[in-house]
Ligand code: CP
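Shown here is one chain on its own, the form predicted on its own, set out as structure tokens.
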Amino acid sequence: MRHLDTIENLTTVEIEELIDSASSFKSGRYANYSTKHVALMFFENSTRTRFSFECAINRLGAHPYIFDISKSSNQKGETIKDTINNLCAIGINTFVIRTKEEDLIDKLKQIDFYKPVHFINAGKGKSSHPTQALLDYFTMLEKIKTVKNKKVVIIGDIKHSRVAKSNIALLKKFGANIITTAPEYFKEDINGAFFEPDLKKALDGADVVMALRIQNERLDEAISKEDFIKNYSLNMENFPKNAILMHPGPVNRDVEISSELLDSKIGITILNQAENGVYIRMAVIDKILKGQLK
């Protein structure tokens, strides 16, 4: 069986191949998987990631199917194993899964299903979001050509962010200098990244600045919104000259990033990320349907 579960499971060669494939799709490469069927099983709410995958599947000529949790047989007590077995018997062999459970995809990979199936991680728990890291890396390469020895600063809720963890796992493979900065409550020591609590020091000389979404309920636990904005929000005054601005979305305007900065030319890169997400997901699905990912 072939899957995309984590960035850690990909070699640098495989990542580079996915980037090259995404670039070729962006340049107009065509594929036709009209006999292939892909289910989108999102156990968490999502806008960008779900629509991006659905768009990617359609552009590849394959057929996407939205698994509506609220109307599914899971609500009647059916296990996910039995659900997937029945769906693969019907003819669906690729499953894009978003879940709060850290080990769901790992468990599914161990099951001997009715027919061979493929799983793509569209975000799991607090640990992993591989296609987001891939599209972020693709966007960085378009803007600065290489991340080797470049300073990449990640700001915000590091502890709860699967985006941060997957980005760090990828960027350290390619020699980036990764800095995280956050209030103490949001801090997490991650191998490959250096923590700097002072935003001004963290931003000094940055090539890439990535802000993370802050959930309001966690702000209440950690630090007041006013204090976060004062100490960690990005704006036209503190944003480093010549750096690129990134955010996985959705952005809380005037919390992580000021509206003035977001609506400036600097903020365009965040929309570039969304655009590149489709091409990266096309590349991942293309590789999986060809049986080229382990």
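All values derive from a computational prediction rather than experimental measurement. A residue's number is simply how far along the shown sequence it sits, counting from 1.
Not on display, but discussed next: the form predicted together with phosphoric acid mono(formamide)ester.
Looking at Arg29, you'd find every heavy atom of it more than 4.5 angstroms from phosphoric acid mono(formamide)ester in the model of the complex. Using a 4.5 angstroms threshold between heavy atoms, Arg48 counts as touching phosphoric acid mono(formamide)ester in the model of the complex.
Phosphoric acid mono(formamide)ester in the model of the complex comes within 4.5 Å of a heavy atom belonging to Gln132.
Although the partner is absent here, Arg98 is a contact residue: one of its heavy atoms lies within 4.5 angstroms of phosphoric acid mono(formamide)ester in the model of the complex. Only one of 105-113, 124-132, 137-145, 184-192 places residue heavy atoms within 4.5 angstroms of phosphoric acid mono(formamide)ester in the model of the complex, namely 124-132. Contacts with phosphoric acid mono(formamide)ester in the model of the complex, taken as any heavy atom within 4.5 Å, map within 228-253 to Pro248, Gly249, Pro250.
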